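This document opens with one chain alone, in structure tokens, the form predicted alone.
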């Protein structure tokens, strides 16, 4: 079955460009389009896309509120990929905190766009460690809640290492190769990390790792 994508952007040219790139792939299908976040909920319920690729800044409802609305009201919600012009945009960070699975720059090359959609559809996060660290330093809440959550979590040594690799942008398969364990073992560790941190998904865990100083840039 192809990965289905809903495109949400107030610029028709951006939507057309994304559609052209994605529909050139045999395993990706654009299920629909919307020009504002306010239209996302009914379209998600109607089309049931695997991924929503959504602009972070739109006139009526921005990508942050739309992300919150989808995750709050839609059972088994799609993965959300925030599309942005500027990687250091505060809106991007707030969208990630709201539950988006990653972000993609509008100037990304076609191969990067395709990779991003496939990655989040498979359940991984698309994060750029250096950018997330800068965003956390600039727009984070000071790190105290994140540090407290990590202290309470009492991660095992292996769980802590998995979190470090997640924060560096590695997928489950890449972590498995680096740690010389099976992908299923990594998936189990990721689930344990999320449960212990009380994180909704791996993106939230990665943000906590950066905000707390658990993972340093570099």
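Numbering follows the first chain given and starts at 1. Keep in mind it's a predicted model, so treat the numbers as computed, not measured. Definition used throughout: the rigid core is the maximal C-alpha set that superposes within 1.5 Å between two forms.
Another form, the form predicted together with the DNA, is not on view; read the next lines as being about it.
Heavy atom contact within 4.5 Å of the DNA in the predicted complex, the stretch among 62-70, 181-189, 22-30, 35-43: Among the candidates, contact is made by 181-189.
Any non-hydrogen atom of residue 194 within 4.5 angstroms of the DNA in the predicted complex: Yes.
Within a 4.5 Å heavy atom cut-off, is residue 165 in contact with the DNA in the predicted complex? No, no contact at 4.5 Å.
Check whether residue 158 has any heavy atom within 4.5 Å of a heavy atom of the DNA in the predicted complex, and answer yes or no. Heavy-atom contact with the DNA at 4.5 Å: present for residue 158.
Interface residues of 195-214 toward the DNA, as seen in the predicted complex [heavy atoms, 4.5 Å]: Residues within 4.5 Å: 200, 201, 202.
Can a Cα shift of no less than 2 Å be assigned to residue 44 between the shown form and the other one, given superposition on the rigid core? Comparing forms between the shown form and the other one, the residue 44 CA shifts below 2 Å.
Given a superposition on the rigid core, I'd like a yes or no on whether residue 200 shifts its C-alpha by 2 Å or more between the shown form and the other one. After core superposition, the displacement of the residue 200 C-alpha between the shown form and the other one reaches the 2 Å mark, so yes.
Residue 115 and residue 182: do their C-alpha atoms lie closer or farther in the predicted complex than in the form you see, with a change of 3 Å or more? Relative to this form, farther apart in the predicted complex.
With a shift of at least 3 angstroms, figure out whether the C-alpha spacing between residue 197 and residue 54 grows or shrinks in the predicted complex: closer or farther? Distance between the C-alphas of residue 197 and residue 54: shorter in the predicted complex, by 3 Å or more.
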